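Presented as C-alpha cells, the chain that follows is alone, the form predicted on its own.
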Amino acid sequence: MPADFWSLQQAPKLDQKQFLLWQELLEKRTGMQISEQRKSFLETALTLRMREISVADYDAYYEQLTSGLSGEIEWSTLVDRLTVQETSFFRHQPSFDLVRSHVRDLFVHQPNRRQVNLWSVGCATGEEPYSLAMLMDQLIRSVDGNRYFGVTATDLSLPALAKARKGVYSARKVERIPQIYRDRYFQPVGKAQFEIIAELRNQVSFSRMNVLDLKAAPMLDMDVIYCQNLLIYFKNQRKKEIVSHLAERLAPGGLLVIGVGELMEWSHPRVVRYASDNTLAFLRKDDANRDDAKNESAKTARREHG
C-alpha cells in the first residue's frame, strides 16, 4: 500500500454490515456496548488507528485483530482508544465521604481490626485508587493504633495501567485536589508535573482484568469495592451481572459503591441498599452487627455532609 494512501483520500465509511460485525466483537470480548448513536465514535477511533498502522480498510483490520499473537497485542491498543478515561481525583466527593465514614465505623465496631482492603474496579489512569489511598492514609493517621490498608486497582487497558503505576500527573489535575493531600502525597517532577510519593504508590497494586472474567477474579473478602463510571459502557443485563459478581466478593459488612444513576432495579440476596440520597451504595448484610453499623454509618455521613 502506498505510504501516502491515507493522505490521498478521506477515511472510509463504516457500512452497516461492518458496524454490526465490530459491535459484536466488542460485546463478545469486553462486554462494551457501542450503540447506533456512537457509530461515528467507533468509526473515528478505528480509522485513526488504521491510519497509524497503514491498514487500508475495516475488513483487513478486523482480520488482523482476530489473528494470532500480533492481533492480541493490537487489540489491547485499540481497546485503550475505545475506552474513555477522563477521570479526576476525588471524583464525586459524597462517595468518598461515604467510604471514609464506613471504614472509620469498621475500626470503631471492630477495635481489634488492623487492616482494610479496598478494590477500585475500572481504575483507568489511577486517579480513583490513589484518591482512595490518600483517604485511607489520612483516616488511619487520625485513629489510634497501628492500622493498615491496601488498594487493589484493576482495568482492561494496559496503557492506562502503565500510566497509573507511574503515578505522574499534570499540574492541572493536581491543583483540584485539597491542599492537605497535595502537600502530603505529591512531589514536583519535571515541568508542570507532580508524582505520587513512593510511600503511597506502594499501597496500591495495579493489575489487568476484564470485568467479563469476574467469576475467576482472585479478589475476595473486600471491605470496600469502588466501581464508578464503568457500568455506562454496558447493557443493563450485563451491568447487573457485573455488580452481582462484585457483591459476592464483599467481606461481611463490606461496602459496594457504584456511580449514581448507573444501575436501576438491581437487588442481590447478600446486600442491602445503603440509605443515602446522593450516593449509590450497598452493604453486605450477613454481618452480626449490620443494622447497627449501617445506621451509625448513615448518621455519620449525614453529619459530615451537613
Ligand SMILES: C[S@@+](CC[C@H](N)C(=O)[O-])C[C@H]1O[C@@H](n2cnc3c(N)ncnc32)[C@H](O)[C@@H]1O
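This structure is a prediction, so every number in the text was calculated from the model and none was measured. The first residue of the shown sequence is 1; numbering continues from there.
This next part talks about the form predicted together with the ligand, which is not shown.
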{"property": "Close approach of S276 to the ligand in the model of the complex, 4.5 Å, heavy atom", "result": "no"}
{"property": "T83: touches the ligand in the model of the complex, heavy atom cutoff 4.5 angstroms", "result": "yes"}
{"property": "4.5 Å heavy atom contact, A124 and the ligand in the model of the complex", "result": "yes"}
{"property": "Residue contact check: T66 to the ligand in the model of the complex, 4.5 Å heavy atom", "result": "no"}
{"property": "Single option in F234, F186, Y169, F206 placed near the ligand in the model of the complex, where near means a heavy atom within 4.5 Å", "result": "F234"}
{"property": "Option touching the ligand, based on a heavy atom within 4.5 Å in the model of the complex, out of N117, N210, Q110, T77", "result": "N210"}
{"property": "The ligand in the model of the complex: contacting segment from 156-164, 194-202, 174-182, 215-223, heavy atom within 4.5 Å", "result": "156-164"}
{"property": "Heavy atom within 4.5 Å of the ligand in the model of the complex - qualifying residues of 216-235", "result": "Q228, N229, L230, Y233, F234"}
